[in-house]
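This document opens with one chain alone, in structure tokens, the form predicted alone.
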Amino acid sequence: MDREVILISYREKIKNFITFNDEEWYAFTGFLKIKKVKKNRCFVEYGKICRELGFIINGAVRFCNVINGQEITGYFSFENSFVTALKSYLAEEPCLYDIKTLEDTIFVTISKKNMEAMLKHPLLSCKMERFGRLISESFNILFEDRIKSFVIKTPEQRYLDLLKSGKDIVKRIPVQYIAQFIGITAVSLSRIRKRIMNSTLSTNRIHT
């Protein structure tokens, strides 16, 4: 994908957050960067300051930590999602986790320096204030939903939520990462998947 095609896609996908007239869009694109990251590489690395707000055009990432020598996957993001270590990006503090690509991934990114420049830009300042606020709100909602999921849902319910997401997660993500994400072992996940499969087969027999 060349830059023009990527930016056309980006403009369409971010309409829920921000829209531009042609003059504003031309100014805005001057602050954007296309970043292509190979599979299993870091978009953001633990201990370093996150200096980019990314948007996934193609690909997927996982947010992960190493705790007591064991890697734990905390979240996944796919196409049409914003990606950053928000606190690190805003406060310029070292990141507390890695964000690693699960596939070869294409991002459109805005550096912290360019975001600050746009907040002072005569054409863009008002819209970028709203853009930044809406992105922060979306990250807060995702965090709250993740916490609520662990408080009120079983691992099986969390797995079913992944299946309903429409991202073909079970095909795109290694089983061990899915297990980490829902808070169980790979063996326990295998049992859940078998139980769901048997339940589906039983339901299908009833209706045939």
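Worth saying up front: this structure is predicted, and the values here are computed from it rather than measured. All residue numbers refer to positions in the sequence shown, first residue = 1.
Below: the form predicted in complex with the DNA, not depicted.
- prompt: Could you tell me if T19 has a non-hydrogen atom within 4.5 Å of the DNA in the predicted bound form?
  reply: No - in the predicted bound form, heavy atoms of T19 and the DNA never come within 4.5 Å of each other.
task: Consider V66 of the chain shown here, and say whether it contacts the DNA in the predicted bound form, taking contact as heavy atoms within 4.5 Å.
output: No, V66 sits far enough from the DNA in the predicted bound form that none of its heavy atoms falls within 4.5 Å.
- request: State yes or no: in the predicted bound form, is some non-hydrogen atom of Q176 no more than 4.5 angstroms from a non-hydrogen atom of the DNA?
  value: Yes, contact at 4.5 Å.
query: Counting only non-hydrogen atoms and a 4.5 angstroms cut-off, does R195 reach the DNA in the predicted bound form?
result: R195: contacts the DNA in the predicted bound form.
- prompt: Where, among 139 to 147, 179 to 187, 30 to 38, 43 to 51, do residues come within 4.5 Å of the DNA in the predicted bound form by heavy atom distance?
  reply: One stretch meets the cut-off, namely 179 to 187.
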